[in-house]
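Below you will find one chain, with nothing else, as structure tokens; this is the form predicted alone, and questions on how it binds or moves follow later.
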């Protein structure tokens, strides 16, 4: 009889972490849950809980000792000043991967983001090989994180599954953009389970959304972990199609939505009013 897979979950007190803390033990994994500033209250008798700053190698060692897979959900998840993004999403991620080397962790499931591609227009359907077009420092950090994951597979043999998560929620979509980016809780759990259990993944990326009819991504493209979402945001289309995510029309033009207009320079204030996009010269929006 094989031993259950030992999983560490960082960011256990966040929006995604709260869903996964309940679900992963129910799927048969042994779980160590890590919060940030304070120790999470255990949800079940055998849950191993801890907290601390992941930039600290001692905290990382405590998190990864004896672990098979790390589900890394910790970090800054919204657009913030560059210094905060660097600390939480770059420095801490590097410390986590170095800890994985020390403890011979087999795999890291990394919470990447759709915002690494947020400057693609909404009428573009992206495949996994699409070029990065981050919509801010947060999206840029996820682009960098996927690169970190690639390096640690190529140079150190640590597998990584990068989940390009959309709008994860326990509830229904809330606006028109979510009809394209929504990730339901059931699909989130299935996504992470497949990321933990799939064999011989090496390094790979997966679009982390449900089977949305209006998806910005080509969900018919096969993925290496066998993720096959079943939920679809279109179920709520009649209720939310008229609700814009942001009043600015620029937010409606780009896949990143409201993240795009944060510190956005309008065309009239740019040094060049026309730019080359996909081989054609056009006025910048």
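From a predicted model like this one, the values you see are computed outputs, not experimental measurements. Residue numbers count along the first chain shown, from 1.
If you look for the form predicted together with a small molecule, you will not find it shown, but the lines that follow are about it.
*Asks:* Thinking of 78, 113 and 167 as one candidate spot, does the small molecule come within 4.5 Å of a heavy atom in every one of them in the model of the complex?
*Replies:* Every residue of the spot touches the small molecule in the model of the complex.
*Asks:* Can you say which of 146-154, 70-78, 84-92, 201-209 gets within 4.5 Å of the small molecule in the model of the complex, counting heavy atoms only?
*Replies:* That would be stretch 70-78.
*Asks:* Please check if residue 117 has a heavy atom lying within 4.5 Å of any heavy atom of the small molecule in the model of the complex.
*Replies:* Close contact is absent here: in the model of the complex, residue 117 is far from the small molecule, nothing within 4.5 Å, heavy atoms only.
*Asks:* Should residue 97 be classed as touching the small molecule in the model of the complex when contacts are defined as heavy atoms within 4.5 Å?
*Replies:* Contact check for residue 97: no, nothing within 4.5 Å of the small molecule in the model of the complex.
*Asks:* Is residue 254 close enough to touch the small molecule in the model of the complex, meaning at least one heavy atom pair within 4.5 Å?
*Replies:* Residue 254 lies outside the contact set for the small molecule.
*Asks:* With the partner left out of view, is residue 107 within 4.5 angstroms of the small molecule in the model of the complex by any non-hydrogen atom?
*Replies:* Looking in the model of the complex, residue contacts with the small molecule do not include residue 107, since no heavy atom lies within 4.5 Å.
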